[in-house]
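We've got the same protein chain twice here, in two forms, each standing alone as structure tokens: structure 1 and structure 2.
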Structure 1
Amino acid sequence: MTEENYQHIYVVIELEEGKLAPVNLEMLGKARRLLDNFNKKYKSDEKVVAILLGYNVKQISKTLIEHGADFVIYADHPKLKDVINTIYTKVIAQIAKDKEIATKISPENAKNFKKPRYMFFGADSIGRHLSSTVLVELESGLASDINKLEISDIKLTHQYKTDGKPVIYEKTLEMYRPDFSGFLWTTILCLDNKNPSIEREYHPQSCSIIPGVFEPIKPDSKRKGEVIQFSPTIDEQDLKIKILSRKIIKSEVDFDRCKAIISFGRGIKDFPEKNIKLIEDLAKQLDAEIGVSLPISKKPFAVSESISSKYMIPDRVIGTSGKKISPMLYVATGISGAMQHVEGMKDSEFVVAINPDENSPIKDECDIFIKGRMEDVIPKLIEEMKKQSLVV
């Protein structure tokens, strides 16, 4: 099996109410940059291929090409209007394995083509689910929630994968994700078994990409690309799930309403209920909205139901898994400053952190670091503000 069984980066595009979410253009931008370097290094001509599913969606192809796609393969069908996982999985897998499509993209390599080389999905609520089911269909692996990607040649010796012998894995996608509370990078590789006794391929090398981490390329209205229609095979069996009505539930937390946002994290642990009430008082003084770190949304501490249902909820999470904010003032109390949290608040104009641990990474992200426990610091801040009647 040669490497040229695989080619191109396929980017799965996701529409919400017929519109492109920003992560789509970010993925295309990253794919474009990776592939430009790849083609130079390996003297090849592989393509960025966008997969677009929906109903009346062809006109979106132009935007995708302007943002880096060489080809857009679109499937237009009334049954694809809303994302139904079973149907989307089937159609994306059909496109990924389709030899006719592959021939249209690169006729010179059509005979060898088996599957895409790499495949990207957005790591949002739809993409996280869809990526896993598509990769089951394509019988390969998936790295989820990735925020750094590189392509390189890696020399590896592994008891099973390489039968204990050193093997060079060319064109390997190194997929990085922050783990262990965001303080350690994990590199995930999806490698073929090259051991003759258990030979097996693992392509496409695939991942879901965290929104907001990669830059789109500058759109170029003169970029050339090709748009190809794909006619999916959808049978009765696939149509068992029907969407009868659809309603987007709007967040009740409006971070744009306020100039100031106060977030709290696991540092509330010693007196959770009391500390949250203190934070409420400070928020009142500052006319601020209240945010939380991701672990708080998992309700890690026992507090009254009214506090828990108001604050310990996903809607208030700041970071890669929640909201991106840019207030005039951001106060982080009891928050360590993991990179996923920082990603959500780094555009704040002025940042104050309250934390007893001077070595917390949040110290590097703030304009004022108040070393101390929130139980001691917040009452003093409130007292001082009341004296000065300070209102933002």
Structure 2
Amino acid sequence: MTEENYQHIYVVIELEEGKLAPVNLEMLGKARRLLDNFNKKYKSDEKVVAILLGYNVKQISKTLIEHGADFVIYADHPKLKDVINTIYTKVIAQIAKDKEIATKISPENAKNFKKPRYMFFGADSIGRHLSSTVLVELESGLASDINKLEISDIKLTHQYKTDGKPVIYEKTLEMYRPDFSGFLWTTILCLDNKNPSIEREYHPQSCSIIPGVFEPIKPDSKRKGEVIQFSPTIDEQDLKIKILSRKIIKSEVDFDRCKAIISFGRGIKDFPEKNIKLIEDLAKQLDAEIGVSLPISKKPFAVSESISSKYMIPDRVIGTSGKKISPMLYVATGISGAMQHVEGMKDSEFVVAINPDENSPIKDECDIFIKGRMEDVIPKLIEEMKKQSLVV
């Protein structure tokens, strides 16, 4: 097999009520930066290709090109107005495997084209589902909820993949996400089987990308790109599914409007329910919203359903696997300070940390560090704040 079997980064664009979701421009920005380095390093000329599905959507292509796309492949059809996963999966897979499109993108290298080299999706409610079904259709692997990407050559010796022999995997997409602890990165690779007895290729190397992690590039109205219309084949069987009405449910938590945010982590462990109620009381005093570290969203502690469903949810996660915030006041209680969490709160103007371990990493990230257990510290803070309010 030659390297021309797999080319380009395909970025699947997602619309919200006909408008671009922010993660689309973030993915395009990261794809542009990756591929610029890729082309320079490997002396190649591969492209950033945006896949756009919808109805009356061609005009969006200009924005995608301004933000880094070399090509926009759009499928415009009334049945694509709303996302029906079965139809979208098949149309995206059709585009990904289409040799005619590959020829228009790169005529000199399209002879042996099979599928994209890399493929990006947004890690939201639609993208997580769509990415998994598309990659089943394309018979390759998927890494979900990624927040760091690199392309490199990797030397690997593996009992099954390489039959125990050292092999160089060129142009490998290294996909990173934080592990459950929040302190360590998990590296995910989508590698071909080089072992002759189980030889098989896995492309595209694909992932869903956490919103808010990567910066879009500065839009350039003078950027040149090409727009190609694709006529999809839609199975009559799939048209039996109809969307009668559609309503977008916004995030349960709006951190952007909050001047103060209090977050808690696994430090609640001794008295989970009691400690969360203490944090609620402190939040009321400060007129603050409540956030959590990533492990809390996995519901590691037994608490009442009312508490769990309100606070132990992904919408409240602050960090690279959640949201970036920039409040005037940020209070971190029972949070050790994993780099993934710090990345989400480092733009806060003033940071207070409550932690019994004076050697915890969060100490280096705060303006005031209160050494102590939250069970002891928070009641005293609340008491003092109540006294101050009476004085006023």
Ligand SMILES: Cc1cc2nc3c(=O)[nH]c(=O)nc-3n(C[C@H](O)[C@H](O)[C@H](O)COP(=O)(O)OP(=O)(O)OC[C@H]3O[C@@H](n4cnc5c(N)ncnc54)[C@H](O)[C@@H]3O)c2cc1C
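Quick note, the numbers are simply positions in structure 1, starting from 1. Quick caveat: nothing in here was measured; it's all calculated off a predicted structure. For clarity, a rigid core is taken as the largest C-alpha set superposing within 1.5 Å between two forms.
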Structure, 1 versus 2, that is the form predicted together with the ligand: 1
Classify L149 as shifted (yes) or not shifted (no) between structures 1 and 2, where shifted means its C-alpha moves by 2 Å or more with the rigid core superposed. no
After superposing the rigid core, is the C-alpha displacement of Y88 2 Å or more between structures 1 and 2? no
Classify L138 as shifted (yes) or not shifted (no) between structures 1 and 2, where shifted means its C-alpha moves by 2 Å or more with the rigid core superposed. no
Core-superposed C-alpha displacement of V377 between structures 1 and 2, in angstrom, equals 3.3
Once the rigid core is matched, what's the CA displacement of G319 between structures 1 and 2 in angstrom? 5.6
